[in-house]
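First comes one chain, alone, set out as structure tokens in the form predicted on its own.
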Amino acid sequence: MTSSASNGPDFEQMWSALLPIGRSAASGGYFRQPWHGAEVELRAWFVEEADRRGLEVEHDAFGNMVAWWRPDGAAGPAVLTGSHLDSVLDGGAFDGPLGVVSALAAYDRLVESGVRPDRPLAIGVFAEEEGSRFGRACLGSRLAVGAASWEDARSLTDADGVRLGDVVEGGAPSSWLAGVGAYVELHVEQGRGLVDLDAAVGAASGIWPHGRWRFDFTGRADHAGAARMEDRADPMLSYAMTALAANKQARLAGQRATFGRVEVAPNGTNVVPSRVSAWLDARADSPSGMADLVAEIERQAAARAERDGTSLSVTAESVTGAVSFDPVLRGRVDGLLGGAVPVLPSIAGHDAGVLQEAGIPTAMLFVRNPTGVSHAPAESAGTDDCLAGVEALATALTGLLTGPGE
């Protein structure tokens, strides 16, 4: 294959085109929420790039997109690559879009190198991966494979009360995935593993179990001045002590626990709140570790609520078990890359995990993130490392498209 430098201009041109879209002038972070202005613009960009390459774009009922390369003679199960274009609120530039741009650049490499695939190639863009609008991570891929029910999901609402069912058509699981035999997702690393290993590119062994739980603390609204401290039933105190307990328990267990979203009612400066709803994101190195962590946080929250005269209800909104990526596919990708890339676990969730759990053999590649920061403006990746990622992805795709089938 040609050197990675030959692909540099195309990759850099595409990346430069995306950088301004949805970027906050104040923070430098990105607001690319699904089916809003910036993300809609990115969708149009993807369709334009696919059309420019002569790829056939398919849209499913859940907002997912896929661009097909089906040259003459290519038959059988397709190889899928890609990622997502949406972001968390005030997120980084690379989480998601790097995988989409790299997939298009890798396709260009294949064409330039004269690769004649035996199987179709699909470049996918999954919708609402971050859950930043409708509160469910990997929602597009979950609906596509049937891991989430459209009957349940259609009633999800965003912060403005807009229903998911009013945004996308919905329906049965996506038929296009039935023709996919393998998925390879490239993603910026969300951590410093590759920095510590001094490697530009790595591969994922699997994904830690993770989930989101809503803690609803209910108390009694009152006047911030007139109500004596000892007479209050303040749910904010119950929540505050729970957030501290979550931090302590996660540190003690070597796991992860984060309260990153809070809603307060009536949300007045001079009012003791009547309700505090807070969302716990918990992750652990094993299902039992995650279950123990959440159970201990809930136990301490309930004990604190009893002391405060408040009540607590806990709702599991989404829970994903541990994912181990297909060992056969992972071995093939490792062999195609000469066994030269380190393997490390992902503590973040991905559409790749959803597809693997749905029975589609899946592998992941990571590109080094010098800051180790993700889901924030400081998320980064150097151009040379990004091009190394394109090179690795193109090499893997070439072998999967032209070698023995799965």
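These figures come from a predicted structure and were not determined experimentally. Start at 1 with the first residue shown and count on from there.
Just so it is clear, the following notes concern the form predicted in complex with another copy of the chain, a form of the same protein that is not shown.
*From the candidate stretches 166 to 174, 326 to 334, 143 to 151, 214 to 222, select the single one in contact with another copy of the chain in the model of the complex, where contact means a heavy atom within 4.5 Å.*
Result for this chain: 214 to 222.
*Which residue, Ile207, Leu80, Val272, Val294, has a heavy atom that falls within 4.5 Å of another copy of the chain in the model of the complex?*
If I apply the 4.5 Å criterion carefully, the residue I get is Val272.
*So which of Ala316, Val262, Leu197, Ala159 reaches within 4.5 angstroms of another copy of the chain in the model of the complex, heavy atom to heavy atom?*
Checking each option against another copy of the chain in the model of the complex, the one that comes within 4.5 Å is Val262.
*For this chain shown on its own, do Gln190, Ile347 and Val373 all sit within 4.5 Å of another copy of the chain in the model of the complex, going by heavy atoms?*
Yes.
*Touches another copy of the chain in the model of the complex: Leu244 (any heavy atom, 4.5 Å)*: Because a heavy atom of Leu244 falls inside 4.5 Å of another copy of the chain in the model of the complex, the answer is yes.
*Although another copy of the chain is absent from this view, report whether Met229 comes within 4.5 Å of it in the model of the complex, heavy atoms only.*
Close contact exists here: in the model of the complex, Met229 approaches another copy of the chain to within 4.5 Å, heavy atoms only.
*Answer for Gln300 alone: is it within 4.5 Å of another copy of the chain in the model of the complex, judged on heavy atom distances?*
Output for Gln300 is no: heavy atoms all beyond 4.5 Å of another copy of the chain.
*Using heavy atoms and a 4.5 Å limit, would one call Ala203 a contact residue for another copy of the chain in the model of the complex?*
So Ala203 does not count as contacting another copy of the chain.
_Using a 4.5 Å heavy atom cutoff, which residues in 267 to 306 contact another copy of the chain in the model of the complex? It's fine if the answer is none._
Read in sequence order, the residues that approach another copy of the chain (within 4.5 Å, in the model of the complex) are Asn267, Gly268, Thr269, Asn270, Val271, Val272, Pro273, Trp279, Asp281, Arg283, Arg304.
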